[in-house]
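Here you get one chain, nothing else, as structure tokens; it is the form predicted alone.
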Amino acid sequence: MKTLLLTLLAAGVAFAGEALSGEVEKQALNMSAIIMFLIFVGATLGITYWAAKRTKTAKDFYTAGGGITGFQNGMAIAGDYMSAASFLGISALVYAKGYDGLIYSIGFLVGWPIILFMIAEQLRNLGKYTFADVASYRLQQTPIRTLAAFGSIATVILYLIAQMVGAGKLIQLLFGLDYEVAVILVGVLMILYVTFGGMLATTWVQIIKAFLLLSGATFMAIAVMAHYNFNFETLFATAVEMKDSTIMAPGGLVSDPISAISLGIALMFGTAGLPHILMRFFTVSDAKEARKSVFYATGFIGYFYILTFIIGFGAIVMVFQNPQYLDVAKQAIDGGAPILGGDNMAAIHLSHAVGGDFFLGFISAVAFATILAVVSGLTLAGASAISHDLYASVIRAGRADGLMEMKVSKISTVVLGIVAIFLGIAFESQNIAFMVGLAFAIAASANFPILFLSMFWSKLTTRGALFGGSLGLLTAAVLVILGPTVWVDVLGNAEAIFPYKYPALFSVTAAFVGIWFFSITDKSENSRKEIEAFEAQNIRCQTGIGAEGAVEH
């Protein structure tokens, strides 16, 4: 589809629903897909019922009581991170463009070492429920928590819209349901998981989804390689014969240095600033388990992205010229015919090619499970920002009891779910690629700089964090609007005012420079106290001394 490339270039494919949007055609109902879908929904609702009986306090609701192991959390993080757009979108990009699809697989992966070595342990030692706990640890609570909460909510809502549109399009395409019914179904299930089961139910939904997705992708990759005696050279040579040698050449998607650097910054720092990913580090018992979480997550995610590369090339050799999967009604001028449903269906068609109707049903159900897991994590992060950061810490100034805070969080979950359903339906036919790019840009430009500098720079002050973070957020939003994605593709202007699709190089730089400048020029009494408090914070940050007591309060 035409929107696929645009979305991937928006630097948010890991969570984007736009990669699945555009005109879709309903496929014939696959009973195995329907049965597996019902089994998955039934199993996850059972998990939600089990989790609801164990979710009694705010700590249970936000962090599953801190009782998730490093391995379980690593698998859940992978399930939260590997979206349907990762599976279908990147596979489709490799199918369409070949080698250059790898830039996104690598880009999303390299953010994890940053999280492992620089963030995970410190985050767990300093925080309680959300990353705003860390950002505001020695700074003024009200302005910093407000900024962090709005940055989180903005990221979550933008991603939710993209995911809901993607959910509707995917289910419409795979199961033959009407778009509105599909969006409502996803929204209702999402609300049930989060409202009643909290983080515990969300975690296990993500773990199950990650296991199913990794299992299905592994089978597809092995089946493809078995056709070529597990020889990559033979696979790639066959793909070149079926298309042309350009699929093995770089530079087709990102050809200028500015775009390449900006895209890399967005992928790395955006990953390290996503609120629903950062929130997962509070579900483990200590910093050691937090490190294990990232170690396992990096392994699972890296393995998955390698598989998407094989799946993409497998689709070239087994789907590209297979009459069974071609849309002959849309015969191209040069005599070629696109595959049914567009390039996003490449992995789905490949599943049928290697495993028949049964495996097609399995992969279709997994794709649906993927969306449910991601939207559940997003919704919980948004609800936590509203209830913990805004209500409990800002409005109630830390005087809210845990039960009331959890009640506000559940109300927030329902409201977010309803808003996501309405916006998902409203944006059905809209180009939402800019929302994806903006969400990633906000995470990289507003969330990450404040979080990073609060832990590692002693001279950070409230004024610097507030003004610099706001500058990064504003710059990201303005440059996305003035760039080709919105100014040309959405608003229909002939030429973009800002020539690049990726604003991260400029907005992240603006955020760091702004935070530095407004901090060093802050000579107030409060700033002096904040700087002096860094040493005590750093001791706890590095050693974890006092962390358990703070978590239990």
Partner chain sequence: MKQELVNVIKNDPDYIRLISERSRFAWILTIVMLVIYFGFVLVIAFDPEFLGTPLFANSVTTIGIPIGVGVIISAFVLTGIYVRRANTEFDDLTAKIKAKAKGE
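Everything quoted here is computed from the prediction, not taken from an experiment. Residue numbers count along the first chain shown, from 1.
If you look for the form predicted in complex with its partner chain, you will not find it shown, but the lines that follow are about it.
Residue-level contacts in the predicted complex: of 403, 248, 188, 419, one residue has a heavy atom within 4.5 Å of its partner chain, and it is 248. Checked against its partner chain in the predicted complex, the candidates 407, 227, 396, 288 yield a single residue with a heavy atom inside 4.5 Å, and that residue is 288. Using a 4.5 Å heavy atom cutoff, none of 87, 368 and 372 lies near its partner chain in the predicted complex. The candidate stretches are 105-113, 270-278, 142-150, 73-81, and the one lying within 4.5 Å of its partner chain in the predicted complex by heavy atoms is 105-113. Taking the partner from the other structure, its partner chain in the predicted complex has a heavy atom within 4.5 Å of a heavy atom of residue 452. Under a 4.5 angstroms non-hydrogen atom cutoff, its partner chain in the predicted complex has residue 264 among its neighbouring residues. Taking the partner from the other structure, its partner chain in the predicted complex has a heavy atom within 4.5 Å of a heavy atom of residue 302. The closest non-hydrogen atom of residue 121 lies within 4.5 Å of its partner chain in the predicted complex.
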